[in-house]
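Shown next as structure tokens: one chain only, the form predicted alone.
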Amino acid sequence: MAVCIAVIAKENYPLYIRSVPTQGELKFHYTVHTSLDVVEEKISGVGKALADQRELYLGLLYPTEDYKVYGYVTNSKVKFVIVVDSSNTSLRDNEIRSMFRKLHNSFTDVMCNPFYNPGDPIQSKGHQTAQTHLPGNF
């Protein structure tokens, strides 16, 4: 089950962070922020093949004792981070990819809204509703 979902702007400030256990929200902010270093390492890898650069899904960024952190980067360098409870062993890699695809589609819908100013925090109810229907039951 996904316990935290974050959308991070190109300049590495959060556009949207939502966590399920709200009492540990600061811990998830820290986890997402520290995962950005790993994301930067993966997307700036020297000597990558051209086919690898088109891959948006970064995979498992790093595991902790309680959580696994996954990453995804759009072509415009907006980063998506999903933190999953590590006790959930039934969640497969293709399900994580599906969660990121749905999150990316929801983000695209927000960006296409003529009333949204790019760079502002995302407060769309449609974006939040789309996240409740993710395969990880967020």
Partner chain sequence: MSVPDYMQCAEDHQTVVVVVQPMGIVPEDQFFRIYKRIASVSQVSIRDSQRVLFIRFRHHYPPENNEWGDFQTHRKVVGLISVTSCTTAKEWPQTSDRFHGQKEVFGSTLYDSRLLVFGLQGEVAEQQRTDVAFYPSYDDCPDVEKRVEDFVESIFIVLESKRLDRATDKSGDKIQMLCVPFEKKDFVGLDTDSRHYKKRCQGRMRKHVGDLCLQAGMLQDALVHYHMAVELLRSVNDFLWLGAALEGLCSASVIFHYPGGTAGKSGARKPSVSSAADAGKRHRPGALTSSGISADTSAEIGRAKNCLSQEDIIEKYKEAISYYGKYKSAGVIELEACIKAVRVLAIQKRAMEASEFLQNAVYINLGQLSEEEKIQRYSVLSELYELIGFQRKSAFFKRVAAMQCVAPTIPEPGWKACYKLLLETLPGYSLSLDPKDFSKGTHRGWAAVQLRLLHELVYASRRMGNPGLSVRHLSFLLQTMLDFLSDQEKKEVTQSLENYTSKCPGGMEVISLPDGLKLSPVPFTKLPIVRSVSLLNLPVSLRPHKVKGLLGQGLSSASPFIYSPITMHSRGDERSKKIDFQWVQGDVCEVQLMVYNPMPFELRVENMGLLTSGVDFESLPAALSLPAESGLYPVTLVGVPRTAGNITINGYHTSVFGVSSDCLLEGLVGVKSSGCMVEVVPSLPRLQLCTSLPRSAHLSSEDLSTSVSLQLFNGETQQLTITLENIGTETLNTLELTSKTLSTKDGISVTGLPVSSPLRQVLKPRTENKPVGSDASKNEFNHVKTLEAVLTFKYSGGAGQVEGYYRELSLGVRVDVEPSVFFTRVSTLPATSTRQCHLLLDVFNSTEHELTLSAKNNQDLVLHASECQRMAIQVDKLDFDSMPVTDHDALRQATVRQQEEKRQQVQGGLINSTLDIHWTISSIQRHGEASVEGVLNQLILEHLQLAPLQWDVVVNGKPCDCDVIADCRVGDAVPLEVKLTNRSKSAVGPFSLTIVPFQDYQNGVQNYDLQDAVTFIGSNTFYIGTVNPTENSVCVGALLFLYTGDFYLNIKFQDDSTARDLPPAWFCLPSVHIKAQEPVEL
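Numbering follows the first chain given and starts at 1. Note that the structure is a prediction, hence the values are computed from the model and not measured.
Keep in mind that the form predicted together with the partner chain is not shown, yet the notes after this line are about it.
Participant: Hey, in the model of the complex, does residue 87 get a heavy atom within 4.5 angstroms of the partner chain?
Facilitator: Taking the distances in the model of the complex, the answer for residue 87 is no, it never comes within 4.5 Å of the partner chain.
Participant: If we define contact as a non-hydrogen atom of the residue within 4.5 angstroms of the partner, is residue 123 a contact of the partner chain in the model of the complex?
Facilitator: Judged by the heavy-atom cut-off of 4.5 Å, residue 123 is well away from the partner chain in the model of the complex.
Participant: If you check in the model of the complex, is residue 32 within 4.5 Å of the partner chain, heavy atoms only?
Facilitator: It does: once the partner chain is placed as it appears in the model of the complex, residue 32 has a heavy atom within 4.5 Å of it.
Participant: Given that the partner chain is not shown alongside this chain, does residue 41 nevertheless sit within 4.5 Å of it in the model of the complex, heavy atom to heavy atom?
Facilitator: Looking in the model of the complex, residue contacts with the partner chain include residue 41, since a heavy atom lies within 4.5 Å.
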